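Quick heads-up: it's one chain on its own, the form predicted alone, in structure tokens.
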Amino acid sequence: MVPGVSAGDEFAALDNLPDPVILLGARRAVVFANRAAVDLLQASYRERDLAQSFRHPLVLEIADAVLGGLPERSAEIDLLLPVPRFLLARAVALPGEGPVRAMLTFRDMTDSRQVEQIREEFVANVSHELRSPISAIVGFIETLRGPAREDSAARDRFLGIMAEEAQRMARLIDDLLSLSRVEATEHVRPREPVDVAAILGAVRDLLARRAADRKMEIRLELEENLASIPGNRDELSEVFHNLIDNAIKYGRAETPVRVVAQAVERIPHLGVAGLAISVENHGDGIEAEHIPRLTERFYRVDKGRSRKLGGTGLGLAIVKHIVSHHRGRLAIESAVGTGARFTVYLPGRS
């Protein structure tokens, strides 16, 4: 029991509310604070001024305003401890001559703010990613219409660059559409049985020539008689295409890309049986500080190299969302100079 808050209080029913609620007397004294308020705001000093337990200037300001005669006031506040939170605080005057003269409520808007921030960053990133190729194409068109009108060598060179930039935009749009499709259905787990071994074989065949161009080999090491799992074939094909393609791009020439698939009795952090499929290359590796952010949209360790290799910055974000759609888990292991291993864990039938 928190000191100063009695479970037998006539307001104890407010303890069942998920949002913090504080009841104030005429002189801003705390008459009651529900459990959510005590847990989040440490507002436990009953019969004492609110400022002694929750010293936030905006909250004190709106409390004083309604106790001074206004019917209602609200404010947006940020809390940094124990973890960052964004709250909408609302003070409402309560009529009558009883001991409770005002009520403070707090709505946690942290998730909403984060979603809005992600949306704003997403729009800004897409705009930035499209601006460069569009500017390049417009510049080359102006040059071809003017100084290079009769220069066939320059025309061929510029048209080649324009084609590359147009393809880059097309890849970006394709990845954006793919990400949108996955997010739209992420809440519903796929149920159709899929053969992961067959998917990996098809992806290997599709990327074999690209690997051969760098004198690399895609080595499949598949456990015999892998069980089918519930999933979406097209989505899982995209996952392994992205991971193996990245392994080819960022691995050193003349080294193998190793793809291992095996059954596991317990998926880490999920506690269920399923499959573990790892894709490993021998490249420069990834510094530890970058690993947690690799699946963020448009995050690149080396932006210049990624764009040069045709990356859109969305591939691993798509992988993460597809794995989430399948209720699985993505694990990334790497060390500088030794390459990287990406492991996809997919649950079996529940």
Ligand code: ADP
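Residue indices: 1-based, along the sequence shown. Keep in mind it's a predicted model, so treat the numbers as computed, not measured.
Keep in mind that the form predicted together with the named molecule is missing from the display, and what follows is about it.
The three residues 285, 312 and 340 all sit with a heavy atom within 4.5 Å of the named molecule in the predicted bound form. With a 4.5 Å cutoff on heavy atoms, residue 39 does not count as touching the named molecule in the predicted bound form; it lies far away. At a distance threshold of 4.5 angstroms between non-hydrogen atoms, residue 281 is in contact with the named molecule in the predicted bound form. Taking the partner from elsewhere, residue 250 is found to have a heavy atom lying within 4.5 Å of the named molecule in the predicted bound form.
Proximity of residue 64 to the named molecule in the predicted bound form falls outside the 4.5 Å heavy atom cutoff. When you look in the predicted bound form, the only residue of 58, 301, 70, 51 with a non-hydrogen atom within 4.5 Å of the named molecule is 301. Picking from 200-208, 242-250, 137-145, 123-131 the stretch near the named molecule in the predicted bound form, with a 4.5 Å limit on heavy atoms, gives 242-250.
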